[in-house]
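Okay, here we've got a single chain as C-alpha cells, the form predicted alone, with questions on binding and movement later.
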Amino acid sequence: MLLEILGLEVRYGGIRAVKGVDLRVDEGELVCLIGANGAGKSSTLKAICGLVPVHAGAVRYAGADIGAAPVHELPRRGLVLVPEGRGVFPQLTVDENLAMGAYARGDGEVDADLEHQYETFPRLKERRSQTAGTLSGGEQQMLAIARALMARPKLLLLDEPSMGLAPMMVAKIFEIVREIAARGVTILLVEQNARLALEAAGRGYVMESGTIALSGESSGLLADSRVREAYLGEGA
C-alpha cells in the first residue's frame, strides 16, 4: 500500500471540511475521488501534502506517517501534487517551469527527462521558450502535469485537471492521465467530471459533505443508481 489515510479530519476554524475519511491507494493504481464542489476533495489532497494541517487521523505514505512532515520534503520522497488551478509560474518560460519540477533532483538524467516530457507533450515543445502566462488553459494544465513528472513521482496527486477546459482539451488531458498511469505511476485523481474519472480509474471513492459515501471498483460505481443520478446526470 503506497498511501493510507485513516480517520482524516481537516478543519478551517470551526468548520469540519473533512470528517473521518479512510482511503487507500496501492502502488500502480489509478484511484479517483469524486464529488460535488465543496465536498472536501481538495482539502483531502492538501492534507496529504501538508498544505493544510491534519486535525485528526493519520496520513501514511510508503509506510511512514507524514502528517507532520515538512511540505518541501514530500516531493523529494516522490509525493507530488498538481494543484487545482495549475499553479504554473507565469513569468517563467515553459523550459524554466519544467526545470523547477526537477529542482530537488541531483541525478544526471534531468535533460533526458525534459526531452521525454516534450515527446509526451509536443505542444509544449513548440512553446518551450514562451512564458507560461501566455499559454492557453489546456497548455498550462499540460505544463503543470509535465512539471510534476519532472520530479519523478511515485505518487501523483491530480486536483481537478479538467477544470475550465474545453471538451476536446479535457479528452486530451484524460488521455495523458491514462498514459501516465500505464507507465506505472500511481495516481490519486480528484475530479468533478465523475464519468471521465471513473472511466479512467480502477477504483473510486465518492465524497459527500466531508465523508466517503461510497467506494469500490469504478465499474460498480458507474452502474450504481445513486452515482448515476447524482453525478452522471441520469434519472433514477
Partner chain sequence: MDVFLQQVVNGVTLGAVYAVVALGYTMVYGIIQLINFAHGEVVMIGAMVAFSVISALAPSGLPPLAVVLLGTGFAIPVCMLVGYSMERLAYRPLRRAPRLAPLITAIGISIILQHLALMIWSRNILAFPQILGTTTYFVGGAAITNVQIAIIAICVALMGGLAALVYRTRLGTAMRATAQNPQVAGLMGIDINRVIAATFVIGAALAAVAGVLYGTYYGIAQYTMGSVLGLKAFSAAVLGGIGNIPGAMLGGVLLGVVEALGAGYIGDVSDLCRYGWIAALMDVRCADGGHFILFGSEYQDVFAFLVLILVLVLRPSGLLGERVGERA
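Quick caveat, the model's predicted, so the values are computed rather than measured. Numbering follows the first chain given and starts at 1.
The same protein also has a form predicted together with its partner chain, omitted here; what follows describes it.
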Any chance Leu124 has a heavy atom within 4.5 Å of its partner chain in the model of the complex? no
So, in the model of the complex, is Gln91 in contact with its partner chain at a 4.5 angstroms heavy atom limit? yes
Just to confirm, Arg76 within 4.5 Å of its partner chain in the model of the complex by heavy atoms? yes
Heavy atoms within 4.5 Å of its partner chain in the model of the complex: does Pro83 have any? yes
Judged by heavy atoms and a 4.5 Å cut-off, are Leu155, Ala194 and Ser219 together in contact with its partner chain in the model of the complex? no
Name the stretch, out of 183-191, 44-52, 196-204, 167-175, where some heavy atom lies within 4.5 Å of its partner chain in the model of the complex. 44-52
Applying a 4.5 angstroms cut-off on non-hydrogen atoms, the residues of 123-140 near its partner chain in the model of the complex are Gly133, Thr134, Gln140
